[in-house]
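Next up, structure tokens for two forms of one chain, structure 1 and then structure 2.
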Structure 1
Amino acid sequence: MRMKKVLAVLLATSMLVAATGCGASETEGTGESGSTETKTSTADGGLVPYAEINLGEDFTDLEATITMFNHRTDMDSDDYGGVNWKQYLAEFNKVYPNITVEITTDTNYADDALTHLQSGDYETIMGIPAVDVADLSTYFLSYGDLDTMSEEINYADTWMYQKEVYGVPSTATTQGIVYNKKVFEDAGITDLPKTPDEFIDALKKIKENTDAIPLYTNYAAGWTMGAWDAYYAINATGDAQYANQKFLHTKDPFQDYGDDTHPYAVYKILYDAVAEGLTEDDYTTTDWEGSKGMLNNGEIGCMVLGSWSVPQMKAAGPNADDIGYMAFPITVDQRQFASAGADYSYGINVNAPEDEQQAALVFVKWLTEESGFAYNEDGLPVDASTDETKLSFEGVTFLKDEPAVEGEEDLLNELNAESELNINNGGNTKVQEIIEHASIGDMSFDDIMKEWNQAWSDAQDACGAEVIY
């Protein structure tokens, strides 16, 4: 009898706690911000901005507990091939023993991060998810203006609104094709393909001369299909203004320009490869985790993925040296281009108490300049003062997408949502459909592009985007 009463009370209290618990933790520690010792001591004791922090000298006795939310679940594991989060934090705490960083990672990051933001109760540091740039200041702290930040880091304009920078990239990647050198050799491919035709020929050679699957689409995973969107701009046009400026105002951007360039050429490679049977037999049951090992073992010729995938492919089996990375096979005026862009960028919670914000600034700066994160992850450097990288891409010009012109920062997002093509924004379905149509043969590639053009034009009308090009 007594037991039941106790249980009932416990149940009731747990419900109450559950109902009220959400709002409780927000107010902690706001009073302490005055006590932080700043070596550069600005008179009012306000935040010291990113650019003015001297790592290893300032704030070494700052006491704070900050949280960080990001997508690198693999780096939680002790088995991770590179440096894992635990090792980074141990290194950080040698210099800043009193700043505790709690890192949470999530496999469904892109969605869950938005949910966190929307709830209003989110982590001190977050990889900035797909928010509209106009809303950046609602959620994140500004690191400083563009001119100052450009001297500190590369890709400062990735998350910028009205000349204020809200994100520092964790690392930077480039876009190309990850391939197995040995398979290409065995197939008798001596020169890497530079045009769509050469690429399809190379795939055919792989099919004839080896047992490997020439091109593995990874259709089933979904996001691996959306990865094809990464090539439509710089890789296919050699124009840094294309993605964020010209593309928005182009009439029928998916039309055939007749010279194997522009978005048309990118997606046509996929359509042709599938139509000619150069991809896996049953695309609906592809397995992403398994594909890494298959590429490593030479069962797959190549996959179209960003350079971030290279360390994972190398770690997936014994043949790390066989993994190579090549530029996307499109040549514009005899030159090949590759876009270099930021991976997830760290944003700092604008609503966090001041001492936590300061600790977060220190941590982000440390990650960028001292930790070697970008280098360890086979990325391009983020810290503007170095150009160390493991990537070698010969004869390819690196460009980075220029930001949208002022007043049009959100136009691409709007057009993406309105047209539902969601280019570079999770639009996996449309690329999957290319494979379906190519495989079943019920729709020609030109018809698909016509549909896309229509959707884009309708969206341009709906969002009031002027058609100039």
Structure 2
Amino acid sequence: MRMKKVLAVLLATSMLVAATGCGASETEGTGESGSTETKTSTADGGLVPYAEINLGEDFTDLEATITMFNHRTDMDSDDYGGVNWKQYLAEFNKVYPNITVEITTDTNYADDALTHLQSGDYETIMGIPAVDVADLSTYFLSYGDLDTMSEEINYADTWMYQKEVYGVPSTATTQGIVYNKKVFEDAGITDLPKTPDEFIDALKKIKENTDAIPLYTNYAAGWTMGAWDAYYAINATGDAQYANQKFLHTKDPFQDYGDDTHPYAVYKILYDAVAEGLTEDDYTTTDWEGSKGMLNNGEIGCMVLGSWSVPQMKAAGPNADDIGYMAFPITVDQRQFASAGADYSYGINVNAPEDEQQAALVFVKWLTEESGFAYNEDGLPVDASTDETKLSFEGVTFLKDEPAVEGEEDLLNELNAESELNINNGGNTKVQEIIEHASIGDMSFDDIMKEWNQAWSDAQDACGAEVIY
């Protein structure tokens, strides 16, 4: 029985879980190798790697205390509408009673995680923040080579360097728009918008026919602005090579291509919505935590956020069934596309004691294969042995960004730093400035894009990135 089924029963029956649990005997069992002896180490006394751990059989007597640092503050609460951290740990300890996992969460995780790493004193497990891939081995333990890990997990190349895998995704997400289905229905929207013009028209209908805020920007939170960067590649071009390969070598990538596609079309949706009064009255007073309940209760029509937001919106009030998720409104050659990729990935401290590293490997594999975390969080599957997910984008093609070509693994980071645009890398300020200029009306959208193009071109020159496209 997979844990997501157990946890679903757990939620429905106030923690009364079936006795079958999710593991085999704690003292013996038969793994893929056919051995009836549980593993305690490799033959040479070192770590048993991720791919060779038999959950429920190996290391059930291992004693260790490990720490984990992550961004899911909502899961600290007993009131969280899904499965919270306390419940996951309770299930884990039924099989591994002597492994203690101490979890710390942080609302400013992206910045604070980097601070932890730079201090040299960081947790046993953490969501890998925005580090250069060349530095991965400085901070994190390799889970194994790419070929081996690709048989175990999806998105194995997300945090990969020189064919070694340093991160296992917590879940995988797609990028679209979370919305209130009842608000859209009350507004008279019968078909979900598929183009920028259709989306703006839908927002106008919400403003005219309901009391809801059509599009809530979440400007004040800052980090929420970075969500817009997730749509510039696959969603806007239908090209899996665009993000990590072509974008780096494109001349003026923020130009108007004239067909409502490419990065220009993504950010123009935001500018136009603000300029036409289709967002909150005062963007400086938006409230991230409060916005969840507002969307659930029909006070907001929609928000541009990854699919990871869906369970949080459902859990924020009594109207979970009103929460929907739609593809980003850009159509390329009569088709819609959505990117599928890893959310934060678990990295294991390369400097931790060996017993803690082994316990961390066990816990990460349990989270991936047995806990049902990705499924419970409305994510796409990470475990390569299953395709189960709650998400469904009818008629939308899912693609995964192809990795950078060999030798250019850090070029995007270099261009982002040089241009200060930080595309899809925490570039919150530039998106906030779109809202500011659109609200005041002191700068046209085309002028903003002209500045971005110049910054990108200058960065290409400085970094020696050849312009090909």
Partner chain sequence: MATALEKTKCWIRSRKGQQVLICVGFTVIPLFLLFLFTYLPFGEMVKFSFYKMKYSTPVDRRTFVGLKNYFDVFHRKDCFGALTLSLYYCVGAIIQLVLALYLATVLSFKVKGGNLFKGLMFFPYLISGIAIGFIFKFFYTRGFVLDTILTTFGLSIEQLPYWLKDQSVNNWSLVATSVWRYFGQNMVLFIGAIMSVDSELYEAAQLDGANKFQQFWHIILPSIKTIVTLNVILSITGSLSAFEQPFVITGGANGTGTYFVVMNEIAHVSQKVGLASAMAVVLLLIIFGCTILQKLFFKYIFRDAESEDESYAAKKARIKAEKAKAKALRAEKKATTSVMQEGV
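Counting starts at 1 with the first residue of structure 1 and goes up one by one along its sequence. Between two forms, the rigid core is defined as the largest C-alpha subset superposing within 1.5 Å. Because the structure is predicted, anything quoted here is derived from the model rather than measured.
Between structures 1 and 2, only structure 2 derives from the form predicted alone.
Annotation for residue 282: C-alpha shift of 2 angstroms or more between structure 1 and structure 2, rigid core superposed.
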